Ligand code: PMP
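Just one chain is shown here, as structure tokens, and it is the form predicted alone.
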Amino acid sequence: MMKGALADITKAVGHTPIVKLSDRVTEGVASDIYVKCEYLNPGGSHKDRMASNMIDEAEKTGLKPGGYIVEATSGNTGASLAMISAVRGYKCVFVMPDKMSQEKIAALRAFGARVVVCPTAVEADDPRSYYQTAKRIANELAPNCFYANQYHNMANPAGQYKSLGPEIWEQCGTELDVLVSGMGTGGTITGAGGFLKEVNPAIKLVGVDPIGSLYYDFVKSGRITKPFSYKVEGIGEDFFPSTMNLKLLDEIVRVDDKECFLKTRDLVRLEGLNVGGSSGAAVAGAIKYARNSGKKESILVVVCDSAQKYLSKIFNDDWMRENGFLGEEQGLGIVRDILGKTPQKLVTAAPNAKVREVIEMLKSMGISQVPVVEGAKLVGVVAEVDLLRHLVSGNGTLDSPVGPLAEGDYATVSPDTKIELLQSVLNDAKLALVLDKGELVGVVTKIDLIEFLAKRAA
């Protein structure tokens, strides 16, 4: 074989460079922020590493050439599995949510894969969801079929543990202070992050989660809140994959769609980094972390996939404008506008408050629910129906503490969340709690939103 040649394209996975970001993107924070250019892997993302390991493990347990590989994917895992399958002789069926870009779907079909598209706005356990559809197809194609199941297959984080983690350590060593990654299946945080924590426990792991995903609220409050749809692809979840080890996290930062997409465009246009939306999300989160910490640290951000997969969306001005992500669009305003026009004082209850006290509070204030807060920590929300259920059950009294009655049937937003997004949030949740840097600063209900829009239209 020719000197310097590889046996096949899968041997080119890994050895991606690290690049320092300039002040034009990092906005003058004290820390130095670097990016690990995983989008330069041959399959176009960091998923090449885990896909190789998952197929290796499947072959050990009986998968044979000519068989099928089935997966529920937002696109990148599918591309990595398809690339490896082309080399090793497997057929692929991929199931995707309908919010994914046409470029991703076309790219998978270019490999010869069959692509099934399912609705995004359904629960994870709904038979129509892309998770459940993938399971059904895998069962139909058995026995010579491997359901990759990246959300619950520990070969996923193991691939990053074996490959990405050691590579980062080799490149950075003790100079690395913080690793930042978007939060999806957990492969990077659990795998690469877990490896780095083992070799140097002082390294901090920071996860970045989009508004609408479950992770942020669960890490901050221990409560499972209502997920809702968002536009950025490849990060965030509406359920908890077993491949994600949240205990490894030192901090979690939340970003919204607009932040993700504008930062993505900056990375391409100001840094020449040809990356996609989840990369913009991770860098935006890293900047937020650095600004809040105020420390001089060396921060490494994993940037995952290529801009080529989002040309019809993030890099299309018409699409950005239609969705309110470019400055020219005034939109309906932001949550901060509602809070500024809401005269009511923020009312909360402590977990040890008695049921009778909360009933009197609701009655005197003319409200139907109240956040339960312990110190600075949000515990949950108690509504009239929760108090009623408690009293008619026969097991509780008026002197029972209200803490155990707190529910997670709410969503959280930031003061800068767009009104259009808030409206979709309140379609699914009873109310929205407004958090600013982790602190509860307001409550917005459907009637608050209606009154705000009515005054705006007057």
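A quick note: this is a predicted structure, and the numbers were derived from the prediction, not measured. Residues carry their position along the shown sequence, with the first being 1.
One more form of this protein, predicted together with the ligand, exists but is not displayed; see below.
Contact with the ligand in the predicted complex, defined as any heavy atom within 4.5 Å, is confined among 118 to 126, 300 to 308, 136 to 144, 91 to 99 to 300 to 308.
Remark: all three candidate residues (187, 234 and 278) come within 4.5 Å of the ligand in the predicted complex, counting heavy atoms only. Put simply, of 183, 314, 286, 82 only one has a heavy atom within 4.5 Å of the ligand in the predicted complex, and it is 183. For residue 76, a non-hydrogen atom is located within 4.5 Å of the ligand in the predicted complex, even though that partner is not displayed. Contact annotation for 40 to 59: residues with any non-hydrogen atom within 4.5 angstroms of the ligand in the predicted complex are 46, 47, listed in sequence order.
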